[in-house]
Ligand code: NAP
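Only one chain is shown below, in structure tokens, and it's the form predicted on its own.
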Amino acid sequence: MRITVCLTDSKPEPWVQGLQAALPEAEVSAWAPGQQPADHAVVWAPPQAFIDAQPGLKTLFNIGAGVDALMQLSLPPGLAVVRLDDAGMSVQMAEYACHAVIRHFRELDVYEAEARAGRWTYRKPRERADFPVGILGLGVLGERVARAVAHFEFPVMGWSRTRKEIEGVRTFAGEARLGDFLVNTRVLVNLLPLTDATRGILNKATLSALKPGGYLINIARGGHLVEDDLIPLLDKGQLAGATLDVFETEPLPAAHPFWHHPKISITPHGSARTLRSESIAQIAGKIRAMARGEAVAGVVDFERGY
């Protein structure tokens, strides 16, 4: 069994070493042009040339939760694309989302600005009931975030393409209920997969549907947000602010207006990083399960795009 590793903007050697230790019966190597084709590949944003050089490839393991970059490639029929189920990312997403929600609700950004100016001030306490949090996307990551936010006693809602039941969370499903979900949400956390159907879903119309003084937290993909629509909504007060971890172009260009807008908080696509040891253990387990003829979780549905 041959396994090849192809990671854009990341060193493959630690992955090769870890996979070799987890699967001593396999031959694991970093991909290079002209290399012998592999049975399985572990990838992040591989070039089309890599795919074209793997005619017998059975499985493509993506080391991130999102597979939108792979969906842009020409993939051969019969190739199984498998994404990580979690591998330590959901707890990081929950940490990030809770931090952003609480920072906005408790006005900690305002306190920080006042402290920098040398002012000792108090803010009037706000009611959690006035800050319902809506989670857009209830997959593995979205469900974990919804449960975590609910722990802090905010009203929590969730929207997904198909019906989900989560204790303590009011759920909505399908296009027909998206509007109802939005008008009942004040703090919107986006965790949708990026597909043709969801690209640009965070736009003037949907964001304007939020309760007055809405707040956006985007930790999914930059392509979900129509960037030109955001600042006008902030400037006229329809939205109170935004925390953005993902962008249409990354790194965010130096001249981009998001950098300097006082109501936008920016982080460099770090809300959840892949944890290598957990990911390797999961991939090795799935390779062994498939060798036994067993079904594995995380196989991408090409029709849905995730």
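Here the structure is a predicted model, which is why all the values come from computation and not from measurement. Note that residue numbering begins at 1 and tracks the sequence as displayed.
Just so you know, the form predicted in complex with the ligand exists too; it's not on screen, but the next bit is about it.
J.: Checking a candidate spot here: are Leu138, Leu191 and Ala220 all in contact with the ligand in the predicted bound form (at least one heavy atom each within 4.5 Å)?
T.: Contact check passed for all of Leu138, Leu191 and Ala220.
J.: Can you tell me which of 152-160, 230-238, 112-120, 208-216 lies within 4.5 Å of the ligand in the predicted bound form, counting heavy atoms only?
T.: The contacting stretch is 152-160.
J.: Which one, Pro251, Pro33, Pro262, Gly270, lies within 4.5 Å of the ligand in the predicted bound form by heavy atoms?
T.: Contact check passes for Gly270.
J.: Of the residues Ala65, Leu70, Ile280, Ala41, which one places a heavy atom within 4.5 Å of the ligand in the predicted bound form?
T.: After the contact test, the surviving option is Ala65.
J.: Is Ala197 close to the ligand in the predicted bound form, meaning a heavy atom pair under 4.5 Å apart or at it?
T.: Yes, Ala197 lies within 4.5 Å of the ligand in the predicted bound form.
J.: Although the ligand is absent from this view, report whether Gly134 comes within 4.5 Å of it in the predicted bound form, heavy atoms only.
T.: Residue-level check for Gly134: no, no contact with the ligand.
J.: Please run the contact check for His99 against the ligand in the predicted bound form: heavy atoms, 4.5 angstroms, yes or no?
T.: No, no contact at 4.5 Å.
J.: With the partner left out here, check for me: in the predicted bound form, does some heavy atom of His104 sit within 4.5 Å of the ligand?
T.: Although the ligand is absent here, His104 would stay clear of it in the predicted bound form, with no heavy atoms inside 4.5 Å.
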